[in-house]
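So this first bit is one chain, no partners, the form predicted on its own, shown in structure tokens.
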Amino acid sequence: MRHSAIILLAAGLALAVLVVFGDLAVVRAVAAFICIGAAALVPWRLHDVAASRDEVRVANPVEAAAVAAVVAGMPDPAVLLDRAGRVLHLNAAAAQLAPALRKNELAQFALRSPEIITALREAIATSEIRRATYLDHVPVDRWMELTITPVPVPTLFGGSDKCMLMTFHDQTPLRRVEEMRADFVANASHELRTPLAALSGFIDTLQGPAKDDVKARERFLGIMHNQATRMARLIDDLLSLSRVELSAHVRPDTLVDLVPIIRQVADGLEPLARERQVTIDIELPDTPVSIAGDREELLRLFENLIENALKYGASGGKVVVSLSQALSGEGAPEVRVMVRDFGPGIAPEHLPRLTERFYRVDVGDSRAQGGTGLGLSLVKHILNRHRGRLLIESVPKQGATFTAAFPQVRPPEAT
């Protein structure tokens, strides 16, 4: 308005000079002044109209900062759309999930999955909640669940409109757990069915053709005993694994000395060592080494590690069990119990999968040794409960070393 006033003042002075000293009529001068004034004031009027429109747009409840803050604060990827499918707001998680999403642009152009587009069109057409599950391949394969919820919002003139709130939930962990559960049930059923089928077959044989054959009966009874023992070990391992998993979140707080536990396990496995013609060398300190742990679970852990070394590393003729204290990668003190055999070793491709349930390097050899395929999985879960870790090192033809590392108990501070 200041510029318009200056223009009008200059025009008035110029017209006055022309009227006084020139031959311009007063009527014409007034008419020219009115035209100049109108031309000077119209742009500012248009500017005021545009500014009022901007204020109306800012006043739109859907585009308010509070709505943007709510969408931004949602933990899952979230996108708010208008009735036409244009993006009004999106949070950082949604921008990371679909980098092509842009504000004030149609979401269909950025979300190209057919399941998403179909669900969005149905939600817009019916104003009802729609859900869809799809597989996202970028950057890695993951299962996503989409929920589109119509949200009623007030308008400037007292009415209401519908916006579409799209939320995405990553279901990949649930899918993986479900696959693991299905694999576990299938493997457990298979492992139990094999000895059960052997028992049923030998029972039928003893009741029929070999009923009066003493030699066959003795041989079959020995096989049946072995199969029953294997099935009992499998059930025992399954129950132990289940108990450890149920209490995985509870860290043991009882102080136990590892030295007598390791000696007890080694003494209990001496008959197996003599049978396999293997010597167990124990290298333990004379002073107690205490950790926070569960005694029964630790007995089971070391029994599995030493028994595996005796069974699968018997060709080396020696198993070394040692205890040492060291620092972890983060510099925290820890206690390490190493069980080393000098057998054939393990190929590198098998090392990452050794702690999987029912995974075996050699299925035939494992079953012949009476293994259940759950020993190292149980070891891993026990260590996890004790906040420890399992280290496996092996070179083919040079044996293998299994190390159970436990956090060391800090001595109580002097008061």
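The first residue of the shown sequence is 1; numbering continues from there. Worth saying up front: this structure is predicted, and the values here are computed from it rather than measured.
Beyond what is shown, the protein has a form predicted in complex with a small molecule; the following relates to that form.
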{"property": "Contact segment among 304 to 312, 260 to 268, 283 to 291, 89 to 97, judged by heavy atoms lying within 4.5 Å of the small molecule in the predicted bound form", "result": "304 to 312"}
{"property": "Non-hydrogen atom contact E191 with the small molecule in the predicted bound form at 4.5 angstroms", "result": "no"}
{"property": "Proximity of I346 to the small molecule in the predicted bound form, heavy atoms at 4.5 Å", "result": "yes"}
{"property": "Any non-hydrogen atom of A404 within 4.5 angstroms of the small molecule in the predicted bound form", "result": "no"}
{"property": "Contact label in the predicted bound form: V361 to the small molecule, heavy atom within 4.5 Å", "result": "yes"}
